[in-house]
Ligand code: GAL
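One chain comes next, on its own, written as structure tokens: the form predicted on its own.
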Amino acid sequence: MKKQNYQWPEYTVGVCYYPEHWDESLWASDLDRMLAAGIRVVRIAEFAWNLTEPEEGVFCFDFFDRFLNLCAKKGMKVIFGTPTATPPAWLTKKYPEVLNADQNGLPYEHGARRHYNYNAPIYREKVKTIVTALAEHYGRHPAICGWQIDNEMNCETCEFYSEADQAAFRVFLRESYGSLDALNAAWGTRFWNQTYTDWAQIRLPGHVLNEGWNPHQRLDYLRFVSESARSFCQLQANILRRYKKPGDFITTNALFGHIDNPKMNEESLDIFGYDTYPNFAFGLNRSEPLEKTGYGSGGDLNDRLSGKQLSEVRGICPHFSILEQQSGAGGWVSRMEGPHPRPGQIRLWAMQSVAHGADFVSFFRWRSCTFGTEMYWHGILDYDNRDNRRLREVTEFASDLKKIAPLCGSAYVAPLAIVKDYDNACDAEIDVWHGRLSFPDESAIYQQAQLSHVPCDYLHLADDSELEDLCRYPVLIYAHPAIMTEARAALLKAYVEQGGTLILGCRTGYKQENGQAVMLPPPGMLRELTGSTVRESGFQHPAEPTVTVDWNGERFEASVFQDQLEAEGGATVLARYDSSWFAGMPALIEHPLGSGRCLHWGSTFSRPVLSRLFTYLGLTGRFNDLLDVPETVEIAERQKDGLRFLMLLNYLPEAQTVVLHRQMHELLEDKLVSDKLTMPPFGVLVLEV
């Protein structure tokens, strides 16, 4: 894992604030109230291009001069956002080529946000101009502690079809392949008579009949979108580095689609930022419920699934920033609605971010805006500006962070990691056969880890991943990596040989880097590692009964898809199919290699199967000698300087009982505790073991 360029020296609370939304007479009192609540950083300016450049080439810094000078006087630090997510009307009117277009090539009109494209040359020039002007003027300002690039890159849309993107895509392909012959071979253009004889014939995979686009072309398109976004981010980062003060950081708030976020972080950022809205799961994101509990109208624990995204962020940057932490109900006038956080949930969700690796938490936002599309995206304060219980919760959270100060900079400890890579993530989106397995199984693995109290990380594999990155984890699950390369296969083999346990699922290793199938017995280049081969495979026939597997007398469903395996080279069959026409064929094979082992499972990862695997691999029971905790309470383990801490988070509106098997120090109450403890609804415990 790459070393971070910046890490917060202490737990810090921030808030998103837009001085342009409020009368200047409110600024001083707002800052005073923030400071009284324990807020030490404000995040500003990411949508305020016009305030600095109201006309092309005409710059005015008076507005933010006044605000930043007031912040410096009050002792408030500032994260300054580059305003490139919302180009001004004068720019899009004069240079309409900067506008993004839909899949039919129809340009979006000015308005909303993120309506630009990354590749219009004139937009990149105007971005250089505004970012340079801001960095030159404010780079040495004493109030500023960091810079945010753009805002939520690839949010709103992660598809780009402007004419500028068409031209840039052809440049990307020329640089990638060098010749049309190489491109035609990689894309398999002999199929359906798609062969290209001139670069000008190539266009983005747009509006085609029945979504019958070339999958290899679309795989390169998603790589191109990532390259475009990362290049745009790096353009700004390079400017900011020339002017910022030593010690000030560069970040962005990311984890959106069609960006290789680990690579962007490595190329351009000092610290990774993320925006977390746990209540989205109650109707905005339509996530699969984690566990039914009778809670609320949805009756589920979906806010706990925010930990999945936080774990992904931690895999990119172990000590990250939350640049937007939910503080109220979320929604737009035109779309989306979310329920209001219940008493205790704001503090709980902020502690969830800390438990997963955030050393800085900035709430969105100080006060609900009285106008605009996001007037229902509630902040800490309501329109009436009165103190309320949400402000009290934020104040309590800021006080809590002082009590748990020893945890700042501590490491999240996980015996298990879910392995991902950008190519397979893209392929799972393109290939419905792949996606039908990949997306639900990733959620199932994380859910089972949560409910089994098995701390779980994400490991993002890349071309420059090193063996030590993998060796931090005793167990890796790489569920359905359809695309495999020789270098990645060698890295996985080395991991197993040095003592690691690797679990692979069905439909593994049957594609090469361009997305074409390999003419090798499955699992292709991984066959030596798995000690297995696949004789036949296919989806569950809808007219047939559920396929089951017998594992030493225990029966499990092998749902959705089945690989019929054969053991090779000293591998052992652990489980066999015991139904359907292929009853008796191996379903789970274990292959010892060096000091480690590889398990090849021939189906999808249901939670019962995962529970049995976790037990077999010795992952469960990690905390049994310390305490008994209901599965509805999350346990996050953090370690620092030889000290071990457990953060317990109750996501239910009912009290939960925790039984300690030894005396421990509870940091939030600063007292020794033992025996039975009652966690209040949405309560938090921080224990030093």
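Just so we're clear, the structure is a prediction, and the values are computed from it rather than from any experiment. Residue numbers here begin at 1 and follow the sequence given.
Below: the form predicted together with beta-D-galactopyranose, not depicted.
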Tell me the stretch among 94-102, 150-158, 443-451, 501-509 that has any heavy atom within 4.5 angstroms of beta-D-galactopyranose in the predicted bound form. 150-158
For the spot marked by E53, F59 and E136, is every residue within 4.5 Å of beta-D-galactopyranose in the predicted bound form through some heavy atom? no
Can you tell me if Y18 lies within 4.5 angstroms of beta-D-galactopyranose in the predicted bound form, counting non-hydrogen atoms only? yes
S353 versus beta-D-galactopyranose, in the predicted bound form: is there a non-hydrogen atom within 4.5 Å? no
Applying a 4.5 Å heavy atom distance criterion, does Y274 contact beta-D-galactopyranose in the predicted bound form? no
If you check in the predicted bound form, is F364 within 4.5 Å of beta-D-galactopyranose, heavy atoms only? yes
Going by heavy atom distances of 4.5 angstroms or less, which of E374, D260, D431, D359 would be at the interface with beta-D-galactopyranose in the predicted bound form? E374
Listed residue that, although beta-D-galactopyranose is not shown, lies within 4.5 Å of it in the predicted bound form (heavy atoms), from W199, W332, W213, Y177: W332
Partner contacts for 247-269, taking beta-D-galactopyranose in the predicted bound form and a 4.5 Å heavy atom cut-off: N253
